[in-house]
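Presented below, as structure tokens, is a lone chain in the form predicted on its own.
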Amino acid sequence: MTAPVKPAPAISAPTVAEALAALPPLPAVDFAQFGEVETKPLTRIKRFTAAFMSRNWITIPHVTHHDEADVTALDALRKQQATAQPEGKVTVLPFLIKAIVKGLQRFPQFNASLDASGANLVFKKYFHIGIAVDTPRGLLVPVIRDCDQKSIAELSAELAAISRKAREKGLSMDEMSGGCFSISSLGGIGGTAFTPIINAPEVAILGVCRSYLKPVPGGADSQHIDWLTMLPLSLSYDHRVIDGAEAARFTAMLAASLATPESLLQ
């Protein structure tokens, strides 16, 4: 008679701390044996960012969806806005924020967070957007609150003020907390695409690179070429909460909103 098969013992998943502790340490290397070196300590912000980003990358299953938006009309509108407001430069970021808010309203799972148990999704009824700011001390992400209630001009002024405050070491912890969704923009530097790391407990982040001119055949005449200004978009999302089709629909809506910028002025 065959003996009954005993069930396998339950295996609990290791915590992040246990998983990190189980990793073998990096070998110590004497780099001076290969040539002259100089050792400088990381800033406190860079050390904190390193720990925070490492945790996020290990604990969140990241997927990045790449797309692009036709911002030809948006560029023309920004120039009109700049003429009307000569005291301040109008960038693409305020329009991006308004487009993202529309996306969060249409797809509320992007404006949510997993609770501590990981079994429930907390949907937020507010729209606070974090903006990654490059400072000499490291990356900071101040949060602009209630973006659904602010105009392009108001967002533009607040962006300028909070970015200046970040670079002048004037941000408080409260000003960097409570975000629903973040934007990381490399538009002033370059690149074509990248994979931004999600700013937990958020479930998505949008990366933006520098816009470029794209030739597109125009009209029935195949010899005619239109030059469109295209903005690369890179959306990283938490695959536990968002699937690929939802991410594609979200970025498609962003692209459609940015292609018709007048709708973002309302």
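For clarity, every value in this text was computed on a predicted model and none was experimentally measured. Note that residue numbering begins at 1 and tracks the sequence as displayed.
The form predicted together with a small molecule is left out here; the points below concern that form.
- By the 4.5 Å heavy atom rule, the three marked residues Lys89, Leu139 and Ser163 all count as contacting the small molecule in the predicted complex.
- When you look in the predicted complex, the only residue of Val133, Ile100, Ala112, Leu74 with a non-hydrogen atom within 4.5 Å of the small molecule is Val133.
- In summary, among the residues Cys180, Leu104, Leu93, Cys147, the only one with a non-hydrogen atom within 4.5 Å of the small molecule in the predicted complex is Leu93.
- In the predicted complex, the small molecule sits within 4.5 Å of a heavy atom of Leu159.
- Within this chain, Ser211 lines the site of the small molecule in the predicted complex, having a heavy atom no more than 4.5 Å away.
- The small molecule is not shown here, and in the predicted complex it never comes within 4.5 Å of any heavy atom of Gln81.
- Proximity of Leu186 to the small molecule in the predicted complex: non-hydrogen atoms within 4.5 Å are present.
- Comparing 125 to 133, 169 to 177, 147 to 155, 104 to 112 against the small molecule in the predicted complex, the single stretch with non-hydrogen atoms within 4.5 angstroms of it is 125 to 133.
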